[in-house]
Each structure stands twice: as structure tokens, then as C-alpha cells.
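Here we start with a single chain on its own, the form predicted alone, put down as C-alpha cells.
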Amino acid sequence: MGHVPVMKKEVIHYLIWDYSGTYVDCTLGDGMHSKAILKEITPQGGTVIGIDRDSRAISTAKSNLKDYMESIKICKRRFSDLSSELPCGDKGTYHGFLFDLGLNSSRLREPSSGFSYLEDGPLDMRMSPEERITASQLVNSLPEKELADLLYKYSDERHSRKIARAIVRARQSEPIETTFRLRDIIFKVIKGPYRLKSVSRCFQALRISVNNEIEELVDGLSTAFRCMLNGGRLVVISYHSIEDRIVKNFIRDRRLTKNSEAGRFFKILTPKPVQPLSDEVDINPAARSAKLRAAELVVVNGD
């Protein structure tokens, strides 16, 4: 089974408000969210701009979206490059932005990508082959304290210092170059029922660092906030607490209040994050940790 778009119905519900509008899918991936959006809006002349940093994902998306190519523009960009691809006037241009921050399940199953501790492969973790730093370079070069800080900062792993110490000790005899070797090093120092959770957190932290995901996310959200029309929608699906906290705070810090003066603000549409129904999780277990937050842009004039 190919990649399954998470909370497809919820995305459509919160994102689309003008069926003739232009929507930006900032995480195009295999194109399945975009396909669902296009199915809704193309009868009324709506269009999508699809963005992804991975040329391999873009190739797959073009195949999946072959019936909608006249209504979608596909671009290879990072979140931090969005502003150069999406010119927008003072009043904004676009009707909505979607960010699905989950890692594409088809990429997870590729041993060569190095994302998963369930498959043995090179310790890579780059979302795009053009990225310069690999996870292997990080675990083999960072000083112990920096490595421990990285593991804790990007995953809240409470055993980060113990794990970093074990990694530094292991790499002295031989470089750590594969996913299974890193997994086994962590297994040796973390015992009990939560050892897989520790491995998962460490892989997550390395992936976030390799791809500069936190800084990229903030840049992408900032561009969306600046480029949306009055009434535009922001929809973000996150999969771990660090991302969700950033999205929550970004929206909250710009929320509309009774004391708001002239400017651009968010009306929060999801006071609590929306989570997938149990039926969806049964079909697509990868959706179980997903949280969707949505907000509407409100422009308050000074006159």
C-alpha cells in the first residue's frame, strides 16, 4: 500500500473555504493530500502549488497527480525558500497553507534512506540527497556533550547523556555507519520495555538535526502567515510534541484578542488539536500520533 494521507477529511474541512482559490501544499510528498484538495476545487477553477525539498518525492507526486497537472504547479523548495517561490502583496495572495510534517511512509521503508531502525542501511537520514550532513557524520564527529544536548533537545530523551557516552565510546573502535549499529549501541545501555522508544527518539533527534527541521518549520509558518489572504487558512499536522509545541505557540502568539489593534492575526479554529479517529488509525497506524491544528487569518484595519 502506498502512502496514505493522514486526516484527509479533516484537512479538507479546515483548509478549503473558497473553491476557486489557490492553496499551497508545503509538504507535497507523494501528492495524495494535494490530490484530495484538487478533487474538491478544480471544478470551480481552484489551483494548488505543491512544494517539496525531495526530488524523489516530486517525481512520485507527478505520477499520482497526472490527471490534475493543469491545476497544480510543483516546485522543489525548502520551507525557508518559500518566500522566493511565493510572491505576495501587502494583503496576501493565497487562500490556505497545508503542512503535513510526517515522514512519508514509503521513504521509511527504504533502507538506503537510513530513517528507520527497523531496516539496516546507511546512517543517512537526509530528506534530500542534496543535503550535506548525514546522521553518520553527526554521531561520529560531535563531542559527547553536544551529542547529548542534541538528543535531548530534539526528542526529550531522558537518557541522552548515557546514550551519547555509549556512542562516543563505540565510535572509538569503529565509525558508526549503519542504522542497526546505532540501534544496537542504544540497546546495550537502555534496558526494559522503553528501549525501543529511546531508539525511536534518538533517530528522530538526528533526523531533525540533519534536515534542520525546526528552523525550516518556523520559516515556513512565517511565510504562510505573511502570504495568506484575509480569511486564509493554516492547517498543520504534526507527529511529535516538539513540532506540535512550535505550531501551537506560533498560532497562539499571533492570535486575535479583544485588545488587538491593526494588523494580521489568527483566529484559532482548533482550541484543542484534532486527532484521527480510531477507524483511521486501524487502517493507517502511522496516523496514531498525528495532531492537526488549524487557524484562520484575520486582518484588522486601523480605520
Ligand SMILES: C[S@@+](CC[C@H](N)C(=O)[O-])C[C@H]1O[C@@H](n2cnc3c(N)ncnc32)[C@H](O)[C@@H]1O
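Numbering starts at 1 and follows the sequence shown. Worth saying up front: this structure is predicted, and the values here are computed from it rather than measured.
Heads up, the form predicted in complex with the ligand isn't pictured, but that's what we're talking about next.
A heavy atom within 4.5 Å of the ligand in the model of the complex is found for exactly one of 264, 53, 248, 240: 53. Distance criterion of 4.5 Å from any heavy atom to the ligand in the model of the complex singles out 78 from the list 171, 159, 78, 201.
When contacts are defined as a non-hydrogen atom within 4.5 Å, none of 12, 46 and 72 contacts the ligand in the model of the complex. Not displayed here, the ligand is kept clear of residue 235 by more than 4.5 Å at the level of heavy atoms in the model of the complex. For residue 127, a non-hydrogen atom is located within 4.5 Å of the ligand in the model of the complex, even though that partner is not displayed. Looking at residue 256, you'd find every heavy atom of it more than 4.5 angstroms from the ligand in the model of the complex.
By the criterion of a heavy atom within 4.5 Å, residue 42 is excluded from the residues contacting the ligand in the model of the complex. Across the options 183-191, 95-103, 161-169, 132-140, residues that bring heavy atoms within 4.5 Å of the ligand in the model of the complex belong to 95-103. Of the residues in 15-38, those that come within 4.5 Å of the ligand in the model of the complex through at least one heavy atom are, in sequence order, 26, 27, 28, 29, 30, 31, 32, 33.
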